[in-house]
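Okay, so here's just one chain, in structure tokens, the form predicted alone.
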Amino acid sequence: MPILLKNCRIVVNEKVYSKNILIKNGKISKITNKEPKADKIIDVKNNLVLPGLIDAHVHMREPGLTHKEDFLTGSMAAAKGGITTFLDMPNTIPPTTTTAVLEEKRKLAKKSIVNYGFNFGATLNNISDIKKAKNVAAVKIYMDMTTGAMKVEDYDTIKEIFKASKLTIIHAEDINIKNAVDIFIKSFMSKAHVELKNQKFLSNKIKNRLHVAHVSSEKELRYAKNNPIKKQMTVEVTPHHLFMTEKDIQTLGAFAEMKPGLKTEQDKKALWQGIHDGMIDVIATDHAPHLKEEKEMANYPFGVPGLETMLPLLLDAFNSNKISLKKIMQLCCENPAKIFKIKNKGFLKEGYDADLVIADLDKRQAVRNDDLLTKCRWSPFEGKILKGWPVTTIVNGNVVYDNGEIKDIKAKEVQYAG
């Protein structure tokens, strides 16, 4: 059924244009000044239309931890937040470290109302499974402790993982980012080629890539970008590291505790500067929900939810002249699609999948726990008044969220190029 989005505002190279968007067979068929015929017309009322966000770092907690979240509730939260595709992390119970568990997770994810993909987990002894895993975004190595016992410390094993994986995500904090870079280089190069003066040679020689998850400090950003293989590396930051500091722990306690932890005001400024300087490639939520009662325990788990607040926080930052709409699209839509080679997504272009979010830039509203769709029903940003909110989310040409109403239309697993 053809759908026409009428009276849209879209961003092209920092300029805003008024257009109509025709959707056919789940694709963006035309972006035009004309008003082509359609079975259904949605008046966007001059609101902003963006490509649906791609969240490259999500913990949907299924299987094994579904009291915290599952693929249905998490995807509903994603839809409400304007996220039309997410990549799930492997630290579930059991962890996604065998092809059998991966296939089981695929079945479980079919309940999702937004598109989904999977990252495969690395262990000390699953190289054969890494090589056999099909249609995964990347392989993830945990070089520091986090939820789930998946830490890998043996450097020789890490080398083999880097060799086996075209794209490796690293959970590495502080000096471990530098260690990861050093191991990565040594995985592919002889000692003679490791020196900085051979940077061009390194870039041409190494085809595998590293993606550094949730960089949280000025020092970590320096480790990730001041090295001989920076062209093979991409860097991700999270909204909580962009909009919170360690001072928030004084008021929120465990509800502001995550891995890596919140840092100083100077570190937060350095991350924003990294966005403006092009040193940061992706903003992702690291959505890591835990129930309130779990956070209130003495031995509380680390992690905060974020699917429903990432886009409102960024739109509010746009309204405060802190970030451009073009940069939001690059970091949350275009770059994730490029880095993870997700087919046909991330761009508002004819022929691409009709994954779209309609946002009201003038809507001013507080983050309210009672409004959240995530199963944990809390946010570290509770009470924060934000200007700019998603109002409608379209996935594969289907409206799945519209002004507070969820429509349970199942989405698809994403496919990757190459």
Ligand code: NCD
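In this text the structure is predicted, and so the values were computed from the model without any measurement. One rule holds for the numbers: they count along the sequence shown, beginning at 1.
Same protein, other form: the form predicted in complex with this ligand, not shown, and the subject of what follows.
This ligand is not shown here, and in the predicted complex it never comes within 4.5 Å of any heavy atom of residue 284.
With a 4.5 Å cutoff on heavy atoms, residue 105 does not count as touching this ligand in the predicted complex; it lies far away. None of the heavy atoms of residue 209 is located within 4.5 Å of this ligand in the predicted complex. A residue is said to contact a partner when one of its heavy atoms sits within 4.5 Å of a partner heavy atom; residue 263 fails this definition for this ligand in the predicted complex, lying far away. The stretch from 295-303, 224-232, 93-101, 342-350 that comes within 4.5 Å of this ligand in the predicted complex, counting heavy atoms only, is 295-303. Checked against this ligand in the predicted complex, the residues 219, 159, 326, 259 give one hit for a heavy atom within 4.5 Å, which is 259. With the partner omitted from this view, the residue of 73, 126, 146, 165 that lies near this ligand in the predicted complex is 146 [heavy atom within 4.5 Å]. Using a 4.5 Å cut-off on any heavy atom, the residues of 43-66 that reach this ligand in the predicted complex are, in sequence order, 57, 59, 61.
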